[in-house]
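One chain comes next, on its own, written out as C-alpha cells in the form predicted alone.
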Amino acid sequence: MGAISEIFKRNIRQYGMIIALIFISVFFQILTDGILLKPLNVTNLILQNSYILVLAIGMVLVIITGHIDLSVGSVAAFIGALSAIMMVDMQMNPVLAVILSLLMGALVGAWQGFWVAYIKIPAFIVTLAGMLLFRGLTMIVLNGQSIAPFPKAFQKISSGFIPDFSGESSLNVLTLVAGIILSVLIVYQEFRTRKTSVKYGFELPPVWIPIAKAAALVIVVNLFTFVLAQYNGIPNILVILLVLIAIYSFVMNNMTMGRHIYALGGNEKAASLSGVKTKRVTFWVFVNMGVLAALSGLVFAARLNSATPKAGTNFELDAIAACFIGGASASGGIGTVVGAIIGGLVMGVMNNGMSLVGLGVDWQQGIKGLVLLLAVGFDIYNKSKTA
C-alpha cells in the first residue's frame, strides 16, 4: 500500500483527473439514461472536441515554458479562412492548400515567438494583440461572410472514417484489430520501461503495479474500440490525434528539446546558465503553437464545412482550461501532453453531458469556470503541502 500511496502522491493531479473523468462519465451516463456512452455519442464526442484537443497539445508546451497564448482561436479562424479561399475560391488541390495553411500557421507562430523570445514583450500582451489582429484579418479576408462548401476530400479530415476490410459486418473489424494491436503495444511498453529501469538500477515498484496498470489500460482501450466498432469505426481525426499525442509525448519525455522546455519553465536563468538556448526554445514553442492552431482551424473548418468570421471563438479559453485541469502549473515547468488531453476530455464530457440533460449555456459556462478554479486551487494547495 505504501508503494501505491507514493506513486499516487507523485502523480496526484493526473491520476486525480483520470478518476474525475471516470466519475463524470459514470455520473452523466446515469443522468442521461445511457445516452452518453452510446457508440454514436462517443464518436460525436471525439469529433466535437478534436480541434480543442489539438490546441491543448500545443498550449501545454507554451504553458510549461511559463507563457500563455491567447491568440490561438483567432489564428485558427484566420487559417480556416485562408484555406477556404484557396480551396473554394481558387480551386486549389486540398493537399497543397493544407500544406500552405500549416506553413502560414508556422509564420504566424514565428511572428509572435519573435516578439516574445527576442524582444522580451510578455506573451500575454503579444498574443492578446495577436488575438485582435488575426480576428480582424479573418473578417477582412472573408469580407464578413462565410465561404463554403469545401471539397469532399478535405471534409473527410473531420467527418471521415478509416475504411473497414470486413465488408458488411455489424462490427467494424478493423477497429477491433486496432484495439488488440494497441493492447500489445501497451504491454510491450510497460515491459520495456521496467527492463530499462532494471538496467540502470532505478528503484522499482512491486511487479504487480505495472501489471495492474497495463491490464487497466488494455481493458479501457478494448472497451473504447468495441464501442467505436459498433458505429462507423475509427474516425480519421482520432488517428491524427493519436499520432500527435505519441509524437509530442515522446519529444517531451525522451528528447533533449523536451527537457529544455521543462528546464526553461522551471527556472529560465538556471536553464540559460546550463547551456539551454532559452530564446530559441521559446521561439520554436510558439512556431509549434502556430502550426497546431492552423491544424485546429483546418479541422474545425472541415467539420463545419465552412469558413466563418466567428470561427475559433473561445477556443483559446477551452485549450488553456484543458491544460490546467490536466495538471499543468500556472507558474510553468509542470505539465504533460497526456494530462492536457485528459483535461480536454473532462471539459468535453462535461459539455456533452450537460447538453444532454438540458442545462442551459449559462449554467454550463458557470460550472466550467468553477471546475477550472478548483483545479488550479488544488494545484496550489498541493504545492504548499510539499513545500
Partner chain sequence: MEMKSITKTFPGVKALSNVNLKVKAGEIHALCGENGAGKSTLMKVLSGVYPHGTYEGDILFGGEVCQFKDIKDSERLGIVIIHQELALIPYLSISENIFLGNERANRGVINWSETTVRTKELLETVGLQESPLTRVSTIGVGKQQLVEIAKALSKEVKLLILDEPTAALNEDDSENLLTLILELKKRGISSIIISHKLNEIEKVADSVTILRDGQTIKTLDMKMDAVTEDVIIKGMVGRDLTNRYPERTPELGETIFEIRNWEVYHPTQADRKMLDQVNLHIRRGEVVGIAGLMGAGRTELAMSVFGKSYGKRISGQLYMHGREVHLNNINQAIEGGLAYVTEDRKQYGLILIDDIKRNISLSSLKKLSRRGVINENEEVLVAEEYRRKLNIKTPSILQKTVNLSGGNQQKVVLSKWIYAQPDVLILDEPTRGIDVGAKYEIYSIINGLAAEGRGVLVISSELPEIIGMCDRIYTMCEGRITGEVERQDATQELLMKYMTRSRG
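Numbering follows the first chain given and starts at 1. Since the structure is predicted, the reported quantities are computational estimates derived from the model, not experimental observations.
Quick note: we don't show the form predicted together with its partner chain, though the next part is all about it.
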For this session: Spell it out for me: taking its partner chain in the predicted bound form, does every residue among Asn314, Lys368 and Phe378 have a heavy atom no farther than 4.5 Å from it?
Result: no
Exercise. In terms of non-hydrogen atoms within 4.5 angstroms, which of the given stretches 45-53, 326-334, 26-34, 346-354 touches its partner chain in the predicted bound form?
Worked result: 326-334
For this session: State yes or no: in the predicted bound form, is some non-hydrogen atom of Asn267 no more than 4.5 angstroms from a non-hydrogen atom of its partner chain?
Result: yes
Exercise. Even though its partner chain is not shown here, does Ala263 get within 4.5 Å of it in the predicted bound form, heavy atoms only?
Worked result: yes
For this session: Classify Tyr188 as contacting or not contacting its partner chain in the predicted bound form by the rule of any non-hydrogen atom within 4.5 angstroms, answering yes or no.
Result: no
Exercise. Does at least one non-hydrogen atom of Asn305 fall within 4.5 angstroms of its partner chain in the predicted bound form?
Worked result: no
For this session: Could you work out which of Ala271, Leu176, Val221, Ile157 is the residue within 4.5 angstroms of its partner chain in the predicted bound form, going by heavy atoms?
Result: Ala271
Seminar exercise, completed: Students should find that, of Gln145, Asn254, Gln91, Ser170, the residue having a non-hydrogen atom no more than 4.5 angstroms from its partner chain in the predicted bound form is Asn254
Exercise. Which residues in 198-229 have a heavy atom within 4.5 Å of its partner chain in the predicted bound form?
Worked result: Tyr200, Phe202
